[in-house]
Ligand SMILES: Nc1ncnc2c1ncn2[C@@H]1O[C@H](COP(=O)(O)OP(=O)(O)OP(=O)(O)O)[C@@H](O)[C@H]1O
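Okay, here we've got a single chain as structure tokens, the form predicted on its own, with questions on binding and movement later.
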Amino acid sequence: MSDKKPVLEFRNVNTHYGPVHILKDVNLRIHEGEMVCLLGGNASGKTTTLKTILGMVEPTTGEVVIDGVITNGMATAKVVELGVSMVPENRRLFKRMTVRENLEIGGYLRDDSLEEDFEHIFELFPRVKERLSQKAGTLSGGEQQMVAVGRALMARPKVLLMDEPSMGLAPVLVAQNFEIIQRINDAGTTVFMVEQNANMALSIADHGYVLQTGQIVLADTSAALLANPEMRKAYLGEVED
């Protein structure tokens, strides 16, 4: 158990879309400085979990707590003000705007200079500096992912949410992307990552949770999950002899 404070908690969270019960008594806890991954197949509830953190879905029962503040019913903009930033699935850049403009949008809540943060982004992604005046829609998929991560970091988040960061990327770019995520976490940013690539996610995360049909069915350190026979069979592509 970490001696650092939790920066994100779900306390017996249930959610519904109309009559459909999506998240079922979900409990999770992420401490300051950790990297935690949420694993599961399609329709397991992973995206709903992120939407619930961001205030886009309100719990039917239970509590979402960010940095000690219960956020049930809070508007997404207020959740962002608490220090939550997200790299969405498929990047979702403003494609007709330049790379610089996309990055500046990430810092829209800031009232100080962004220049130091630009330099940090350029250290992580030298190619982004070369593309600053280019329209975001003209970038390759890998470059767009760099900009999406950079945009999220411009907010100096306490918690960085990442939705399927490996999706749509070539294998070599997936490896590079996860190296960057590791560096971001090593620099002190708490990371909560939803990912289908269980092997890759667990290779860099501290802890993992596994969702099945809206319920947490496994929760442990990444090392323990990687060694878990049930996990290896169901999510890591291994088959029994």
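Quick caveat, the model's predicted, so the values are computed rather than measured. Start at 1 with the first residue shown and count on from there.
Although not depicted, the form predicted together with this ligand is the subject of the following passage.
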Look at the candidate spot formed by N102, E104 and P157 and say whether this ligand comes within 4.5 Å of a heavy atom in all three of them in the predicted bound form.
no
Of 39-47, 58-66, 171-179, 24-32, which is the one stretch near this ligand in the predicted bound form, taking non-hydrogen atoms within 4.5 angstroms as near?
39-47
Using a 4.5 Å heavy atom cut-off, state whether E164 contacts this ligand in the predicted bound form.
yes
Tell me, yes or no, whether E89 is in contact with this ligand in the predicted bound form, where a contact means a heavy atom of each within 4.5 Å.
yes
So in the predicted bound form, does any heavy atom of N197 sit within 4.5 Å of this ligand?
no
